[in-house]
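Just one chain is shown here, as structure tokens, and it is the form predicted on its own.
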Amino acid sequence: MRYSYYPGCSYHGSAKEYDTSTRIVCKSLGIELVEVSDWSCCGATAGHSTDDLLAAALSGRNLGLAEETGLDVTASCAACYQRLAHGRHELTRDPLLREKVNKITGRPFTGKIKVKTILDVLLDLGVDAISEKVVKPLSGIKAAAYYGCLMVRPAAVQADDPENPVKIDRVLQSVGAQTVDWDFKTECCGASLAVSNEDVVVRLTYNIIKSAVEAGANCLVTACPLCHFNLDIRQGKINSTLGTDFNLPVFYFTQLVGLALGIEGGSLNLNSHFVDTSSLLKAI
């Protein structure tokens, strides 16, 4: 299995754990990722809200570069996936827009390739194939799989059921983890609103974490760098302002899959989270 791989901007800083764990897990499962050469920003999260043509061109350039590989493209970041998938949707349904964007970017895109989440890449391999590679079942994990907004909206590019998505759950269950039923798996975390109105994000993330704890989860698991950042770093602020004592580790799903495959925790950057993960990892 081979895919072109769009890493995105956050993988050079705040979400390096996701990039590292994605690459190592895919390699361990026999999935080859070919990084898109000379990739550039996809436009998330501000670019697409300022100018429709700019948004289409940002996606179109990267799609054109990916298409040169002849491989379907995957993006593990939920925001990057949405922008590339939405760009493909717009450019394939509107030939005039595609012609204009191709002229701007100089990287012709014809629509021959598909855009997939990294979840779909793993599920295309199959849960049985993943289970066969497990050497350390995650029997101590009770995860609240958190999907957020971007993989399930809008309808044209949703990668899972918008009301009850299950793909993270399926992958985690394939490596021996238990996932809990809970009510906030698609509620917004506030995203980049944290820059301009942190109080709103504190309240939103409080509701998400509270719901996960009440459902019996001992960790949150996500597939979005911005969701991970908000849920991980905000717990200290939530505790100090709302009088809670949350201490719920937040993982990328690829980090937990990597552990189950026998990959050492340091290689998966499990020591760089804001909420300490060590006590939970001892339970595995």
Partner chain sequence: MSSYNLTESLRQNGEFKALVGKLSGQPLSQCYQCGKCTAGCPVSFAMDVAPNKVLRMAQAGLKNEVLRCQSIWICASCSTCTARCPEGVDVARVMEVLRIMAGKEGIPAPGRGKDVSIFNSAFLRSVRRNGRMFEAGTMAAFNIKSLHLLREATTGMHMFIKGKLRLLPERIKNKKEIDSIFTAAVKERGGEL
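Owing to the predicted nature of the structure, the values given are computational and were not obtained by experimental measurement. Positions refer to the first chain, counted from 1.
Unshown form predicted together with its partner chain; subsequent notes refer to it.
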Find the only residue in Lys136, Lys210, Arg153, Lys114 having a heavy atom within 4.5 Å of its partner chain in the model of the complex. Arg153
Tell me, out of Asn247, Ser28, Thr241, Ser40, which residue has a non-hydrogen atom within 4.5 angstroms of its partner chain in the model of the complex. Ser40
Of 126-134, 167-175, 195-203, 210-218, which is the one stretch near its partner chain in the model of the complex, taking non-hydrogen atoms within 4.5 angstroms as near? 195-203
With the partner left out here, check for me: in the model of the complex, does some heavy atom of Cys9 sit within 4.5 Å of its partner chain? yes
Contact of Thr105 with its partner chain in the model of the complex (heavy atom, 4.5 Å): yes
So in the model of the complex, is its partner chain close enough to Val34 to count as touching (4.5 Å, heavy atoms)? no
Check Cys227 for me: does it contact its partner chain in the model of the complex (non-hydrogen atoms, 4.5 angstroms)? no
Residues of stretch 56-90 in contact with its partner chain in the model of the complex (4.5 Å, non-hydrogen atom): Ala57, Leu58, Arg61
